[in-house]
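One chain comes next, on its own, written out as structure tokens in the form predicted alone.
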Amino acid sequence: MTHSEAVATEGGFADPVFDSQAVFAAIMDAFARPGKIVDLGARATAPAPMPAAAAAFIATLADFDTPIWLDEGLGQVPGLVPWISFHTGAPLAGKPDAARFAVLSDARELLDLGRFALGTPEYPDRSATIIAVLEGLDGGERLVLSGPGIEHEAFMEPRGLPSGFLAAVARNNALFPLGVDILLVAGAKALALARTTRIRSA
């Protein structure tokens, strides 16, 4: 067995049923309550620098029918593509708009959300979920969230969002019921932004 093959078989869920159920519940809670930071735990570990939260999301929700797009930085990580294939069976998407899930190590790629699958009027659920890796989910600029799942207002302070992110989200909001959903991740933590979540500076 080569080193790459050995890496690919490591880092999966220790208890696939329990771990995937726990991660799925946490992800659903995050999308139901945009802005809430959830801990997906170090239940799955992919080759670095893929963070634990992104690995857990992919290990839980990806399968043979969910093509995955990796940005250039992650696509070149030794062992990552075999890891995804071994643990999920998910194929790699040949282009961004063919992906069901997209993992971005460069947050600047969040500025062009329109290049990902936005769904169709008949099937708005056939859109992409973007998993964006950030420096951290706290300690950054204070932002105000509103929309479904938020009683009045919620707040978040992620670090590493690019200038222009709020405008990109506003463009995505305007496409509803189409548009992408976003999961911001750092380490084992995650924070969800549904396509209906509006964001402004505090």
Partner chain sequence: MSATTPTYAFAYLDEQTKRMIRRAILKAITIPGYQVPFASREMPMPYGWGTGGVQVTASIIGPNDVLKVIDQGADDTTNAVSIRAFFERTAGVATTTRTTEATIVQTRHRVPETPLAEGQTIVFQVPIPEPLRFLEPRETETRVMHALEEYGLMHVKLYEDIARHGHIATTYAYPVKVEGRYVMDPSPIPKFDNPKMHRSPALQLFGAGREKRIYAVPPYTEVVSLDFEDHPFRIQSFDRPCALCGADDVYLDEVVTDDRGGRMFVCSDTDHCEDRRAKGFTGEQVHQEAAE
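Residue numbers count along the first chain shown, from 1. Source: prediction; values computed, not measured.
Although not depicted, the form predicted together with the partner chain is the subject of the following passage.
Visitor: With the partner chain left out here, work out from 131-139, 45-53, 156-164, 172-180 which stretch has heavy atoms within 4.5 Å of it in the model of the complex.
Guide: Looking at the other structure, the answer is 172-180.
Visitor: Can you check whether residue 149 is within 4.5 Å of the partner chain in the model of the complex, heavy atom basis?
Guide: It does: once the partner chain is placed as it appears in the model of the complex, residue 149 has a heavy atom within 4.5 Å of it.
Visitor: Although the partner chain is absent from this view, report whether residue 73 comes within 4.5 Å of it in the model of the complex, heavy atoms only.
Guide: Taking the distances in the model of the complex, the answer for residue 73 is no, it never comes within 4.5 Å of the partner chain.
Visitor: In the model of the complex, is there a heavy atom of the partner chain that lies within 4.5 Å of any heavy atom of residue 39, even though the partner is absent here?
Guide: Heavy-atom contact with the partner chain at 4.5 Å: absent for residue 39.
Visitor: Could you confirm whether residue 27 comes within 4.5 Å of the partner chain in the model of the complex, counting heavy atoms only?
Guide: Within the cut-off, so yes.
Visitor: Suppose contact means any heavy atom within 4.5 Å; which members of 16-45 contact the partner chain in the model of the complex?
Guide: Residues within 4.5 Å: 16, 17, 18, 20, 21, 24, 27, 28, 31, 32, 33.
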